[in-house]
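Below you will find one chain, with nothing else, as structure tokens; this is the form predicted on its own, and questions on how it binds or moves follow later.
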């Protein structure tokens, strides 16, 4: 899509569709809506009253202008009470424009949020469809102000969505590694890929154990961004994402109804790779960023790891396997220990770790667990700026007694109650004293339907928050 700015009256804007956002409960007697309504002889306000248009999110009202203004059609779009109404407007308008088959779309508003909304709203994953595909004819978007970084950010979120939506036969650990190499080549990042032999040599036995039942070899991916002029004294942060490209549950096989969408179990890893793509394009100052993704499948082959097995982690701690479907924490444990070796000032991990977090917070909000109030506040502020919802959960160490093992340093799972907390406590064992945040994104990483700028399927959740966090980290940690 080509974005360009316009000047002059809205009545002269030459587009197929002119979209105007209306907040819930707002009057139609002022601003751009009133300007168009006057030019259309009061038709907008009259029809809105007849149709009960109140500005609720998702409501729309389409009017053919019949030559009374230059735009061929005008649409009122309800943006509800969303704090970021421009992003919601852009996303909803882009979807309607695509459905209507228009080639040009105009707005009275403009800027980063609007353009980001348009680009994210226009997203659809149709790579594998051969029938019923309606081409996107939208080629030109006209706004009142430039969108700044929106194109690079939207491209990153779309990459995360593509990776999560892709079939597991295609999106394998090897494919994630190849994606990382392409990101590095495009953005000038450093990249290291550890294959099975290298992981064996390093003693990353938890990652190797999870992957043992699959013919697909595991990978550990490490991308590094260094800000222009970075030195050894430049503060660094590590972003670690769970890259479980398909989770069958291992010998604790998931039942029907719980296994079908498990291609999305690498959403945390996809978010980290996508964030590194955007970071390379935006080049935030004063920071070094490590993007680390442990990746494997968790299947049921003859060599799959078993209940009662004990493995020594990369850090040296031993783990007794009590549930093979508590695998994400295992591959993250080795990756977090590796991340700590890079001596970052702070670590953030993202993972679709537990169903328990969805029970606690629903499907639209992610849980924050942290050993540091300062980094927890920084991530919460980044989420607020990004428009992604989080809620801080207690890292209740009194529950650790559930994880004690008779034969090893710890078990990989505790009791049913407090499962999201015990999962976070397991990861905490591999952090040491480094300020750390664990984001359990099991709910918002996947959506059953499109809403606002969120797409159906993989949402790309976490990418926007990571970018906001990294952009502020250089100054905050200096």
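As the structure is a computational prediction, the values presented were derived from the model and not from experiment. Numbering follows the first chain given and starts at 1.
There is another form of the same protein, the form predicted in complex with a small molecule; it is not shown, and what comes next is about it.
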Notebook entry, point to check: Do heavy atoms from each of 205, 306 and 410 fall within 4.5 Å of the small molecule in the predicted complex?
Noted result: no
Notebook entry, point to check: In terms of non-hydrogen atoms within 4.5 angstroms, which of the given stretches 261 to 269, 89 to 97, 130 to 138, 279 to 287 touches the small molecule in the predicted complex?
Noted result: 261 to 269
Margin query: With a cut-off of 4.5 Å between heavy atoms, is residue 372 one of the residues that contacts the small molecule in the predicted complex?
Written below: no
Check: Looking at the partner-bound form in the predicted complex, is residue 421 within 4.5 Å of the small molecule by any heavy atom?
Finding: no
Notebook entry, point to check: Contact between residue 354 and the small molecule in the predicted complex at 4.5 Å, heavy atoms?
Noted result: yes
Item checked: 4.5 angstroms heavy atom contact with the small molecule in the predicted complex for residue 442 -> yes
Next item on the list: Could you check which residue among 234, 300, 342, 323 gets a heavy atom within 4.5 Å of the small molecule in the predicted complex?
Entry: 323
Checklist line | Residue among 317, 81, 404, 254 with a heavy atom within 4.5 Å of the small molecule in the predicted complex | finding: 254
